[in-house]
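Below sits a lone chain in structure tokens, taken as the form predicted alone.
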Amino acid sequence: MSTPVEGSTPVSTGAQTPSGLKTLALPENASTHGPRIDALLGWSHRIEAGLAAIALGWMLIAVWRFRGAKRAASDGGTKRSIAFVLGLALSTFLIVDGTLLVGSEGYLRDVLWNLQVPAEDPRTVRIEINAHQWSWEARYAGEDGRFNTPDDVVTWNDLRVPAGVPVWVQLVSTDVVHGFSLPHFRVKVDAIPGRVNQTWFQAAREGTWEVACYQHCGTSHYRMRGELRALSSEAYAAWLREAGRQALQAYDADDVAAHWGWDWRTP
């Protein structure tokens, strides 16, 4: 059950300039943790640009310096030259990949894999998601706090969360592998049949953004899009209360297909 939200903003689908023109930059960040991902990507691009400049410069210098030299037969190099090249390659690998590995590992440890944060925060909103070809079905526990009970709120392609609090997502798929993605929150996790995956995020502000599928999942993959609306705490509580009331009225015990929820799984 879902009801429209008055005053909701249009869905943001990509990076845009103030004039409305799309750019090649990342989508605007709407997550409290997004700046860490953006910083990691920025470092990656700067290091790659530096290496490309060094390689290109060395090639140009070599072409100019030895443009008139006679062709020499390759002797495989001396032990000293081989050791120098191997040392240079290994140093480059450790500096570049090591820097990115440490940055990625820190983000994963502190944010994405750190499920203790939403588990210990009493404000956390829990959502179960069932991916279909080609839609996202979401389930919220009602006032009883348990999933797969008559007061559950179920929405299609419509996720609503309060801004400023952790949102803990567990998801599965009924058919094929889908890629649940919130590009404006720098979140992506696969929805796999027979397996419950989980992630969490936190909206930095109120607004409406895209829910996308990042895995080609069939002929109508392009249609698998939804909306995530971050509301104020008061607006979210009012919506959930009214949607739960409507869900109780519409509950059908014989509708087996609607009873796909599971007991919440803790890490």
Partner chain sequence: MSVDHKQVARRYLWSGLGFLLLGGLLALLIRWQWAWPGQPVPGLAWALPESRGALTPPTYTSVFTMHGLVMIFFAVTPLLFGALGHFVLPLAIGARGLAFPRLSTLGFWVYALGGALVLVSFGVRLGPANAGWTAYPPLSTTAFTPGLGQTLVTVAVLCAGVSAFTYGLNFVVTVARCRAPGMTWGRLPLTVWGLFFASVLNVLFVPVLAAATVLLLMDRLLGTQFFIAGAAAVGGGGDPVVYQHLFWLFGHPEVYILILPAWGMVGDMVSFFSRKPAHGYRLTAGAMGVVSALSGLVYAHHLFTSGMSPMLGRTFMVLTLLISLPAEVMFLNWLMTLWRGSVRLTSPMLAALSTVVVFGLGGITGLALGAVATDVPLHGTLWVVGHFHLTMGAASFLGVFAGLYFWFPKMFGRQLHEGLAKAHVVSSAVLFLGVFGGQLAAGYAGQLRRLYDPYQYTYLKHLLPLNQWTTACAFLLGAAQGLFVVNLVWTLWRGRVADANPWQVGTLEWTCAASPPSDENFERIPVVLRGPHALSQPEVLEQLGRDWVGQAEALPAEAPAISGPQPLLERTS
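Residue numbers count along the first chain shown, from 1. As the structure is a computational prediction, the values presented were derived from the model and not from experiment. Rigid core (definition): largest C-alpha set, two forms, superposition within 1.5 Å.
In what follows, reference is made to the form predicted together with its partner chain, a form of this protein that is not presented.
Its partner chain in the model of the complex is not approached by residue 35, whose heavy atoms all lie more than 4.5 angstroms from it. Its partner chain in the model of the complex is approached by residue 213, whose closest heavy atom lies within 4.5 angstroms of it. For residue 223, a non-hydrogen atom is located within 4.5 Å of its partner chain in the model of the complex, even though that partner is not displayed. The shortest heavy atom separation between residue 74 and its partner chain in the model of the complex is within 4.5 Å. Out of the listed residues 149, 157, 124, 92, 92 is the one that sits within 4.5 Å of its partner chain in the model of the complex by at least one heavy atom. Heavy atoms of no residue among 234, 238 and 250 are located within 4.5 Å of its partner chain in the model of the complex. Along 90 to 112, a non-hydrogen atom within 4.5 Å of its partner chain in the model of the complex is carried by 90, 92, 93, 96, 97, 100, 101, 104, 105, 107, 108, 109, 112, in order along the sequence. Relative to the superposed rigid core, the position of the CA of residue 80 differs between this form and the one not shown by 2 Å or more. For residue 116, the Cα coordinates differ by under 2 angstroms between this form and the one not shown after the core has been superposed.
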